[in-house]
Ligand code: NAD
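Below sits a lone chain in C-alpha cells, taken as the form predicted alone.
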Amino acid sequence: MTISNITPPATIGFIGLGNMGYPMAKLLAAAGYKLCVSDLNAEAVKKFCAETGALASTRLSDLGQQSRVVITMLPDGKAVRKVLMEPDGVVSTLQKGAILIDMSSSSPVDTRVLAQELKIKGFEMIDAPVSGGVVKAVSGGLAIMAGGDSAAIAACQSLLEKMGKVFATGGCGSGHAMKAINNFLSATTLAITSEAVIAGEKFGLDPKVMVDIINASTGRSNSSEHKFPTFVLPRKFTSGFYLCLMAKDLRFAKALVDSVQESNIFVDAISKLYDDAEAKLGPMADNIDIHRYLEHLAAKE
C-alpha cells in the first residue's frame, strides 16, 4: 500500500486537549500543521485556538471532513470508539485515505477490534500511546509506541516525530500493549521503592540519603531517579498523571497478561494495590500519591 507522507501544512484533527494533548497539539501547530481541534472543555479549545490559530470544531463530523489525519488523546478506548464511530462522529465524513492515530492509553485487545472495523471501512488506524509525562509532552521528548500498518506509520513518521521518538512495535494493538506493559513496570517500581523507603524511614534511615544510595546502586529506577527527588521527597505529588489513569492502565496490563495465559502474580497484586488506592484517595489523586497510600497502610500496622 502506498500512502503519501503527512507533511505541513496538512490539516490534522486533534481530539483531546487535556494535560498531555494540549502541549502535544501545540507542537504540531508550531511545526506548521493546520489543526482542527475538539474537546469537551470549551475553555481549553478557546485558549488553544487563541494561542495557535487552530480551528475549533463543535461537530466531530466537521473535524473528520477537514482532516488528513485525526489524532485522539482521550481517557480510554471507549471514548475513542465513541468519537470515531458514533453516527455523527469522525468516521462518518472522513476523507478517503485519511489515517486515524489513537495516542490514548487504550485496551490493546479492544484496539485490535476497532482497527479491524476501521480497516473494513477503508481506513488505517495506528495505536501510538506515549510515555514521558507532561514535561516531555511540552518538550517534544515523548516515547511514542506505534502499532499498525507499516506504510501508515511511515507516512506519519515526521508528524509523530514532532512530539517525540517513534518506536514501531508491530501490528495493530501492539502499541497499546507496550504502553500497558511499560506502565505496569513504572507503577511497580514506584510502589516497591515507596515501600522500601517507608520501611527504611521507620527504622531510622533518612529518606533522602536512602534515595541517593539507591540511585548509586543496583536498586535504582526511573522512580528513584526522577519521581522521588521531584515529587515524593519534596512532598509535592503533582506529576500531572492521575491515579485513576494508572489504575486503568494496570487493568489493561492485567487483561493482556490474562489473554496470553501468562503468569500473573505481580500484575494482579500491583493492579489491586492501585485499585484500592484509587478507591481510598479518589480518581483525581496523582499517581505519585501511591506513596501516601502506602504510608497510610504502614501507619496502621
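Computed from a prediction, not measured in an experiment: that's the story for all the values here. One rule holds for the numbers: they count along the sequence shown, beginning at 1.
The same protein also has a form predicted in complex with the named molecule, omitted here; what follows describes it.
Contact with the named molecule in the model of the complex, judged by any heavy atom within 4.5 Å, is made by just one of Val109, Val134, Ala196, Leu185: Val134. Interface residue among Leu74, Ala191, Leu160, Met178 relative to the named molecule in the model of the complex, by the heavy atom within 4.5 Å criterion: Leu74.
Residues Val83, Tyr242 and Leu245 are all found to lie within 4.5 Å of the named molecule in the model of the complex, as judged by heavy atom distances. Although the partner is absent from this view, Gly16 contacts the named molecule in the model of the complex, with a non-hydrogen atom inside 4.5 angstroms. Taking the partner from the other structure, the named molecule in the model of the complex has a heavy atom within 4.5 Å of a heavy atom of Val130. Within 4.5 Å of any heavy atom of the named molecule in the model of the complex lies no heavy atom of Leu205. Contact check for Ala79: a non-hydrogen atom falls within 4.5 Å of the named molecule in the model of the complex. Comment: 19 to 27 is the region of 19 to 27, 288 to 296, 275 to 283, 5 to 13 lying near the named molecule in the model of the complex, near meaning a non-hydrogen atom within 4.5 Å. Residues Met20, Gly21, Asp39, Leu40, Asn41 are the ones in 20 to 51 with at least one heavy atom within 4.5 Å of the named molecule in the model of the complex, listed in sequence order.
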